[in-house]
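As a starting point, one isolated chain is supplied in structure tokens, in the form predicted on its own.
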Amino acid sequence: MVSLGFVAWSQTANDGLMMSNKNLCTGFILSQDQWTNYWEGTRLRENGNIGTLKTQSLAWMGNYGVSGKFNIIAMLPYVRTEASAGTLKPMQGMQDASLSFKYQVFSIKPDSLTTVKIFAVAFGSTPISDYTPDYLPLSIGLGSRQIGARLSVFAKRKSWYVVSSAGHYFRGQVQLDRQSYYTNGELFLTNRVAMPQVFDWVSGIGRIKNGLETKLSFTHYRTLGGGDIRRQDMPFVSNRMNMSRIEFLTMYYLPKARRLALRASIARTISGRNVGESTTVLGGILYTFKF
């Protein structure tokens, strides 16, 4: 039910591209995610007390090439949520800062036109404001610290490429502003919530030619545990939140300003569990500094 932060840009933690040595790609990404129907457990329904839930975010991102094989990627988002109906008030604020360390562990050229690479990524994130996670679906985040790792395989032939990436994440406990809660058929007399681990994988096919990158990808996000939303109840922070999404994105380097790039994408959740049937549009502008 909460925005899960599927933001895409060039040289991300789960793609097959790397920033060059001593180059910094940085900029801002603006996105909007909205849904009217959502999955209550596995049942797709609507809720008149919410209407349409809209989540908007403005994220700063930066990717620095320590070397041609080692990149550091940072992201800092500001998020705002609002519902078109009912009495739930909008929420807004700084969400979770994230940091990823991406390393190219293997590269081979079977022939002059083909390249195969393998990347390993270590990832961590932490909330940077005191937002409450116990206000779903209006909460701007889940309020949990995360650490994880992922592995990506990238193969390119001429201008076409395919990439596949899988990640596993551990999430820290969440502290609520109440001393008890009920979830998954059990009453807990504590304000601390254990969060289930998360697995995700992304596969895509794309093309890079004449400064234009296009890509079609499929993402599956699975929470390894947690209960379903109870009938006619609000979602809970440790609910199982699964989703499958398709996305089309494009990035274009301006011919007369090759360091400046424009980014856009559209994504749709096609199946899920305890999440919204959402559509996400994204746009951004990035600039590469060479040191």
Partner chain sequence: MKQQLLTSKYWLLLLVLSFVSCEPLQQDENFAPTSIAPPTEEDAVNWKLIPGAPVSNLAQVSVPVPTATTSSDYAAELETIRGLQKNLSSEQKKIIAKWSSGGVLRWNRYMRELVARFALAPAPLLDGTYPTPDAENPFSDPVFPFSNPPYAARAYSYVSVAQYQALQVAWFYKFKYNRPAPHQVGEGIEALVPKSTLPAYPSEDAVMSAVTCDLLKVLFPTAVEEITKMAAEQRNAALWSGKASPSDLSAGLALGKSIAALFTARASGDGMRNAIGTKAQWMVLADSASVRLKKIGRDVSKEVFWKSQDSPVRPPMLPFFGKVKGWILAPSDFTNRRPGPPPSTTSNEMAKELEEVKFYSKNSTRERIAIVHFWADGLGTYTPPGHWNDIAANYIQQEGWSEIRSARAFALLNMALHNAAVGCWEAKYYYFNPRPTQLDASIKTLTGLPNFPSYPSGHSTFSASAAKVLTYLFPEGTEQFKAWRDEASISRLYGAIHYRIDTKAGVEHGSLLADPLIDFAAADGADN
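Residue numbers count along the first chain shown, from 1. Please read all numbers here as calculations on a predicted model, not as lab measurements.
In what follows, reference is made to the form predicted together with its partner chain, a form of this protein that is not presented.
- Every residue in the set T87, D130 and R231 has a non-hydrogen atom no more than 4.5 Å from its partner chain in the predicted complex.
- Using a 4.5 angstroms limit between non-hydrogen atoms, G48 touches its partner chain in the predicted complex.
- Interface residue remark: A194 is counted as part of the site for its partner chain in the predicted complex, having a heavy atom within 4.5 Å.
- For G211, no non-hydrogen atom is located within 4.5 Å of its partner chain in the predicted complex, even though that partner is not displayed.
- Although the partner is absent here, M91 is a contact residue: one of its heavy atoms lies within 4.5 angstroms of its partner chain in the predicted complex.
- Across the options 110 to 118, 69 to 77, 182 to 190, 202 to 210, residues that bring heavy atoms within 4.5 Å of its partner chain in the predicted complex belong to 182 to 190.
- Taking Y103, Y221, F218, Y135 one by one, only a single residue has any non-hydrogen atom within 4.5 Å of its partner chain in the predicted complex, and it is Y135.
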